[in-house]
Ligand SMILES: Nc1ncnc2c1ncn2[C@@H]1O[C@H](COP(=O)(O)OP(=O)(O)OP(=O)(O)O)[C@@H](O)[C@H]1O
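So this first bit is one chain, no partners, the form predicted alone, shown in structure tokens.
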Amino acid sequence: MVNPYLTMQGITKRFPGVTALQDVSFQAYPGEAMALIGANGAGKSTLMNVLGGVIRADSGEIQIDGARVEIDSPLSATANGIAFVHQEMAMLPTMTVAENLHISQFPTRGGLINTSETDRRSAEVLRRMGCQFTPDTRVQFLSTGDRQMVEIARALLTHPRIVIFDEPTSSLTSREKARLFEVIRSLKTEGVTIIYITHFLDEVFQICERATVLRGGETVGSGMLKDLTPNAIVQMMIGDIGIEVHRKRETAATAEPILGVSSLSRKGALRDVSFTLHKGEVLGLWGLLGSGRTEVARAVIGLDPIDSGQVEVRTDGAGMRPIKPGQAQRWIGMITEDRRSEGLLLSMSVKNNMSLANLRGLANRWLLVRGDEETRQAQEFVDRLNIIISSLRQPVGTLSGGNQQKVVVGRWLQVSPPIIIMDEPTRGLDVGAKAEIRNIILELAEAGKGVLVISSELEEMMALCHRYLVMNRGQIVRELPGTASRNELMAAAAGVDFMEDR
């Protein structure tokens, strides 16, 4: 019988006002991938930060290959053969791939950096990952997916015996994901122990042999995946909380236009983009990676410049009128694709982050923020969105990804603009948090808002949208009704015609 290579036993960790982990235990085996599954805030990242030496547990023990170990720093974790591929990438963009790979420990010769050895090691690990870029490429010129591959390659440089993957495919294309899975299978054949954190259950059943499920900081289930079903895992994740599955309601064909975009163009990014968004409508902007979806959203809100085109909004009682880029945020709210770098001020509190878009509404006649009203409104949306925090003063950077996303949503719900653009609103969220965000989108539409949604999850789009605009290479190539099939949408995005079998 094979013995577990990694055992975490009775791990408990408390932060002020909250118990993040309570007596958590699991075992992981050599040559296997164990999925660590749980809703946002369940304690997955905290548990892995304990294993990775980022934080210390209050109690419990860690055993590696049968021996108890003390891990009190990331360097200590590395010394014990542990590598951590973090969800949030830490890259130095102006430095080369080779320099980023070796930033914590360069090979040396005679007290100087051995550049030839650095390049050799870098080329070897990039070749193993199937990467097409070279060690001397500057990271700033890489796509998000390629940067994720660099993060993974950096972990493999130390030849670890335990590798933690935290949401590794969140920024990868299907081709890059297939390459990653090949690497993981190769690692398993070498006897490496894999811990795989993801919200995508199809990935779990595709690449993992075991699963451990956390809920509320406790272990609520574990076992071989051949003995589990996706529904059973979801039930363990969310407990007895009923997730209401909404379907879109049809919007009235005569609904008033609320946003008009005409001939929006920018060299190298957008070509003659035109569309109309109506009151009470969820309009889906669909396309493959790099099709220009995010570029449209950023141009409409005024974050990126345009060469030509016009944006119009319906103002109260005044009909449609053109607006300048600097005016857009008076009528349009935007939830950006990258919440950590573009949506939040991580060192600031939950309360301050949530009120950022509403400072004018919270100001008194001396233009000072009314602190009591700021607190009241922040607490209202924390309760409404079920955001798990220890207090409104908690730094937003310490929250789980799902709770961070809810803070961004709550910010715009405070202001309640007539138009809301949501770019990948449920990326990285668990099944429960996704359902909550989707319900909010439909509620906004029912309240008469116009909602423009961008998502890489086709099933999500099909559950929400009344119409689809399909993009390819910076232009809208098709408009499809909400009744369009998955195959029609995929074919349109790929630039081919699709006909249902008769």
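Here the structure is a predicted model, which is why all the values come from computation and not from measurement. For every residue, the number given is its place in the sequence shown, counted from 1.
From this point on, the text means the form predicted together with the ligand, which you will not see here.
Relative to the ligand in the model of the complex, residues Ala20, Ala39 and Lys44 are all within 4.5 Å by at least one heavy atom.
For the candidate set Ser274, Ser349, Ser143, Thr398, a heavy atom within 4.5 Å of the ligand in the model of the complex is found for exactly one residue, namely Thr398. Checked against the ligand in the model of the complex, the residues Val369, Ile388, Val220, Val415 give one hit for a heavy atom within 4.5 Å, which is Ile388. Only one segment in the set 298-306, 400-408, 68-76, 200-208 has residues whose heavy atoms sit within 4.5 Å of the ligand in the model of the complex; it is 400-408. In the model of the complex, the ligand lies farther than 4.5 Å from every heavy atom of Asp423.
The closest heavy atom approach of Asn353 to the ligand in the model of the complex falls outside 4.5 Å. Within this chain, Gln394 lines the site of the ligand in the model of the complex, having a heavy atom no more than 4.5 Å away. By the criterion of a heavy atom within 4.5 Å, Glu337 is excluded from the residues contacting the ligand in the model of the complex.
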